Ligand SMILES: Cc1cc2nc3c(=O)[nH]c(=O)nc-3n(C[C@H](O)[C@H](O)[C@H](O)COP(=O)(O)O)c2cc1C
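As a starting point, one isolated chain is supplied in structure tokens, in the form predicted on its own.
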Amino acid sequence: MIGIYLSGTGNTKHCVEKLLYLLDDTAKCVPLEHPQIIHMLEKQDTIILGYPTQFSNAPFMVRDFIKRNAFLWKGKKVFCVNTMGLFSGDGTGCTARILKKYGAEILGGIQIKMPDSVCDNKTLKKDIIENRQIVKNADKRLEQIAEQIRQGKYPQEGLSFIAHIKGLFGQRLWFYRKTVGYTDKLKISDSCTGCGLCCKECPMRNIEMKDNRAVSGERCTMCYRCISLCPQKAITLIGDHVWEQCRYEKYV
């Protein structure tokens, strides 16, 4: 068994790591950008795949990774973990349908509420006490889910036809242009001091340094990792101001 994930602010990383530890404390858990991930996946039969919801869809990086490595999935058993701030619809189903197309067996899926990770928008923002409670609730759910799985009962959240309709008409159709591919909308202001942290942390290697300043390319996967980490709060995506750098570790 192995856990793999895309995590911008640490929410999904935590959920996949915790569930994996509860099921098999010897199993490895790595990010999608890990340089040896293909080699590691080839050796494993069971995979826990985690990612955050974006407009009732899986991040394009995740969908692109699955499609580019179509040869990997035949015969693999996959359990999908989708984290969300409020609404997911069929967040797990968005990858499950692609994986099944390439021969994977979908064991099940869960959709876990975690603190909102969109740093440059006021929507869904909660105070630190509320967010700490959300994390506690998520941990409790993960413990319950691990016990279910140990009994051979895999949750099927977000995998039904009804969930598909909810996700499709709830958000995905209306925000199709935002999730159809990578985006070139990442903005880096003059507040950038050229520390290079965003370049180092970007899972897509979408940011590079030019003349001691960070410059964004056209392959942003909207994970919010750079925005949540920038010491100068110089990076935005949807909005024009960083309201809160929403890192998981703030709430534990």
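We number the residues from 1 along the sequence you see. The structure presented is a predicted model; accordingly, all values stated were derived computationally and were not measured.
The protein also exists as the form predicted in complex with the ligand; that form is not presented, and the subsequent description refers to it.
Listed stretches are 68-76, 83-91, 148-156, 135-143; the contact stretch with the ligand in the predicted complex is 83-91, by a heavy atom cutoff of 4.5 Å.
Within 4.5 Å of the ligand in the predicted complex, a heavy atom is found for none of 3, 46 and 107. At the 4.5 Å threshold, heavy atoms of residue 62 stay clear of the ligand in the predicted complex, well away from it. At a distance threshold of 4.5 angstroms between non-hydrogen atoms, residue 238 is in contact with the ligand in the predicted complex. In the predicted complex, the ligand lies within 4.5 Å of some heavy atom of residue 114. Shown alone here, residue 121 lies farther than 4.5 Å from the ligand in the predicted complex, counting heavy atoms only.
With contact defined as any non-hydrogen atom lying within 4.5 angstroms of the ligand in the predicted complex, the contacting residues in 219-245 are 222, 223, 224, 238, given in sequence order.
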